[in-house]
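Below sits a lone chain in structure tokens, taken as the form predicted on its own.
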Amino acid sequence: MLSIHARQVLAKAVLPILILLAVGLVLLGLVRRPAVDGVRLMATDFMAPAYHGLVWPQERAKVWLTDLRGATDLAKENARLREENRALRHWYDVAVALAAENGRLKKSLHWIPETVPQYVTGRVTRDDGGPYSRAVLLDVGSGHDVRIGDVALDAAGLLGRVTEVGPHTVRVLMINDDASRIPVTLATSHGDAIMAGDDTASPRLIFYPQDHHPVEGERVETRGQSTMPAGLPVGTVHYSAPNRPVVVPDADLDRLDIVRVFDYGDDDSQAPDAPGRVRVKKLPQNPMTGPLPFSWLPNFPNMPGRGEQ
């Protein structure tokens, strides 16, 4: 048993001793850092089971609470899934009926299905040069069959057309470039127009019929010309100012990553002659000078505008 005086002295000496011990441990850690780190790791490994034992009740309680919460919401989730299944079943029956009707109509009309276009997929890279301000380079790899005029689309809509082809990359002129002119069709007003890029995010609509003004919010699709097929999604109409309709593109022109280039082929078909159409004969050709002049024609007295030769 310690006396009261000894216990008072020991109580006053505990704080200085602990301070000196802490300072000594700090200095030891600075001088012998590898040894201190090893001791700390050994202590951590030794105390790991104790830490796990302390955390285990908390983890089990969290799991039990999650299961209990799920059990209380199980009835609501089951009712929601049943209603959704009923709605999906209804639309499945509608889709099957429409598919059957569509098949019968195509068969009665001797419908010829359209060919699926070939396409290649490329990743957008930086375009540090070139004659266009709004163009991107696509890395499509070697051995591709991309041609000038092919159509580029992303997951949402039309991006532009191929203007240059290289061994591994192709350059795509965007629809908002100042040099871009694409014929389009307006879905609601049923009018045709030209979508002209102006180096902004929204290309303008020009040359539309004055009796078919574009309607705010209506869909814009390609009209179809040469290698550009009809019906490709482009965007929606928006009036940025009075009498200034623009197209808000469906494609995200500012954040492009993966782009597909489609080959829809060339439109080499010739329209048949209309009834009553008079063929215009070509002038005789001279192998050296080209078309012969009108003075070569015989001199008929009754021809207006002809003088004596």
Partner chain sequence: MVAENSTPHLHSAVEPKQTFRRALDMAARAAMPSLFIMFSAILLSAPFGIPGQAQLQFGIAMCTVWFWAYSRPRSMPALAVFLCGLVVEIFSFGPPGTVLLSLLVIYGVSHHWRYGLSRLGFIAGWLIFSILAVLASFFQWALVCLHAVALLSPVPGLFQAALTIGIYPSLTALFVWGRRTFANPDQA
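Numbering follows the first chain given and starts at 1. Quantities reported herein were computed from a predicted structural model and do not represent experimental measurements. What we label the rigid core is the largest C-alpha set whose atoms superpose within 1.5 Å from one form to the other.
Below: the form predicted together with the partner chain, not depicted.
Contact check for Arg219, Ala230 and Ile258: none of the three has a heavy atom within 4.5 Å of the partner chain in the predicted complex.
The closest heavy atom approach of Val36 to the partner chain in the predicted complex falls within 4.5 Å. Although the partner is absent here, Asn243 lies well away from the partner chain in the predicted complex, with no heavy atom inside 4.5 Å. In the predicted complex, the partner chain sits within 4.5 Å of a heavy atom belonging to Ile19.
In the predicted complex, the partner chain sits within 4.5 Å of a heavy atom belonging to Leu54. Contact annotation for 5-37: residues with any non-hydrogen atom within 4.5 angstroms of the partner chain in the predicted complex are Val14, Leu15, Leu18, Ile19, Leu21, Ala22, Val23, Leu25, Val26, Gly29, Leu30, Arg33, Val36, listed in sequence order. Relative to the superposed core, Asp257 undergoes a Cα shift smaller than 2 Å between this form and the one not shown. Core-aligned CA deviation for Val39 between this form and the one not shown: 2 Å or greater.
Relative to the superposed core, Val248 undergoes a Cα shift smaller than 2 Å between this form and the one not shown.
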